[in-house]
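Just one chain is shown here, as structure tokens, and it is the form predicted alone.
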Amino acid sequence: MCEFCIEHGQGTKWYLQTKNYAEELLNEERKRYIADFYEKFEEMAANGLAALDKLVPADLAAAKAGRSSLAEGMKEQHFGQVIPLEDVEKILDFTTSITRVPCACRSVLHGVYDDRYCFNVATFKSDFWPKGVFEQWPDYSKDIEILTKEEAKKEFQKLDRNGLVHSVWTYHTPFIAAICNCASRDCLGFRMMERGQRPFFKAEYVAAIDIEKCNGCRDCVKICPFGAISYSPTLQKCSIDQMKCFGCGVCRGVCALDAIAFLDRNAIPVLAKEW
């Protein structure tokens, strides 16, 4: 399991632990962090990407080897993990507050403030989170939506079919407050990965193709955001490089033949520590 599962999940999936969404975690320090995060997000993101562009080869090598000080710092503050649709729905089942808001990444990268791909979740009602935070910034608060569990599930199912990657994110770890839906061109996390950083864990799963069912249509190749799927002209079949696979499940969502299944990453020795 990922290190967060060990530290914050008692050996099970940390993002399915209700204690990591609890109001008890929302102390004054965390409230200040969340308020500062959204107030300064665009400035921090722009400066952060500029700094990453200046990394020398030695820095990039260290990052790829898992020795990135930036990533280690993010684990304490704002870090994520990819999760498949079924785990998103499990989270929605135990939350009591689901709010959809504009995506901060898309506002930074494209100057668009009405792309509502981020869902703030909580197991409690609060004047501060999330409504009280976003009311301070009209660009975000004007498009806030409060959803029921069933409405949220339908929206996530639609986003899944459209090939967006679901992920949970902390605000001063281990407090989980958001589920995001990302595409490579619209996500700061993906942009960081392009620059040798890892701002989120892979999923607890990995995808596998049933070669007998695969007809080589290549829909999964086209939609995989991590470049983990390839096509063999000789075999006329697709295959998954499981070392590259993040277990997001978008390939499974587009496979008309139900040829893609999920496996437990921890049950595959070579992948058990590959996060």
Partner chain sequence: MLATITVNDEKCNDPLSCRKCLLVCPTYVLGLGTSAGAHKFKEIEPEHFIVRGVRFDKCTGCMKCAEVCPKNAVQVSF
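Positions refer to the first chain, counted from 1. On a predicted model such as this, the values are computed, not experimentally measured, just so you know.
Omitted from view is the form predicted in complex with its partner chain, to which the following refers.
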Worksheet item: So which stretch, 217-225, 231-239, 246-254, 27-35, is the one near its partner chain in the predicted bound form (non-hydrogen atoms, 4.5 Å)?
Response: 231-239
Worksheet item: Should I268 be classed as touching its partner chain in the predicted bound form when contacts are defined as heavy atoms within 4.5 Å?
Response: yes
Worksheet item: Does A46 make contact with its partner chain in the predicted bound form, using a 4.5 Å heavy atom cut-off?
Response: no
Worksheet item: Going by heavy atoms, what in 77-104 lies within 4.5 angstroms of its partner chain in the predicted bound form?
Response: none
